[in-house]
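Shown next as structure tokens: one chain only, the form predicted alone.
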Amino acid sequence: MRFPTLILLAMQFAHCQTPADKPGDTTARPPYALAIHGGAGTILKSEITPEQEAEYRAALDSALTIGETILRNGGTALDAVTQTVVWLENCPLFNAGRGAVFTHEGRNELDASIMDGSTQAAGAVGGVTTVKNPVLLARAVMEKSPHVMLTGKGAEQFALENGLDTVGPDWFFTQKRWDALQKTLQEEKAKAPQGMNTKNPDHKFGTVGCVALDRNGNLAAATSTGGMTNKRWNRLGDTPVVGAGTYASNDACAVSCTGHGEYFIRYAVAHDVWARMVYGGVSLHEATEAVVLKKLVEKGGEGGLIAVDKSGNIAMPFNSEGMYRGYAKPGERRISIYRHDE
């Protein structure tokens, strides 16, 4: 069984956020702060070539630059998270937008959400197949509709009515993701013809996300994903569920999650971080570590999150072997992949 193993490793997971990943709490709010993630899971240095590692680090660096440039120039946190996630969606290295994983039927079904901490307005979309950048559709839902979440054909119709770019299935296709589906289908047929393999053959939970604090003290968060390889029945994970995969409120923090979505939904992970800070009076690091390194581990949930609080403190805990992640503040930047990334 997997869950007892996770519980036994709880003490090890307490070190999943290394000192370099965990900037000290600030006493004075910086002009801005930004954090990103590109998925979590069994990401081992021994299984990644130096060329692949360099490619991922360069991609994360480019994403940080996009968001940081917006914030440095006085842009809003909402624009920073939007444009950063758009870039990550367009990068085929990550499971979001182009490069998304395939469903059991061989489609790409995409989910995204966004939340404005200054107003707590939110928008989300689920199961879209033709929208080039789901995060832009999520923002349009937030700003141009009376609703919070749209799904499937209705969401795609809303995208057309609001002039968002739509594309054919070839845009999202990558051979790596297609091969991963074929491998999973073969394993499923051999081991359990009627079952569903819920383990990602890439051994990671592919999601992208960004959280930001701007010069005006406003927070925002955005998350986007292609979901799980071999998912069926129009499954939705935590990414489009506000409070599970994404949350932002100026009175405390902004959070974007990545992991086994069913657990993040059950335990309202993103909102739980906020609630612990507001109702319990604990710090960002205390709240995020209690949720990710204790609660999720005890329940058998794997993954991580990125978060920034109203003072510009950043947390990036995870209970898996690795998480593609990075953060930037004025004069400070770090990109990491592995558990103990020096």
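So that there is no doubt, residue numbering starts at 1 and follows the sequence shown. Since the model is a prediction, treat every value here as computed from it, not as a measurement.
Another form, the form predicted together with aspartic acid, is not on view; read the next lines as being about it.
- Here the chain stands by itself, but in the predicted bound form one stretch of 266-274, 70-78, 163-171, 220-228, 220-228, has heavy atoms within 4.5 Å of aspartic acid.
- At a distance of at most 4.5 angstroms from aspartic acid in the predicted bound form, all three residues 206, 239 and 260 contribute at least one non-hydrogen atom.
- With the partner omitted from this view, the residue of 215, 235, 132, 104 that lies near aspartic acid in the predicted bound form is 235 [heavy atom within 4.5 Å].
- In the predicted bound form, residue 95 approaches aspartic acid with a heavy atom inside 4.5 Å.
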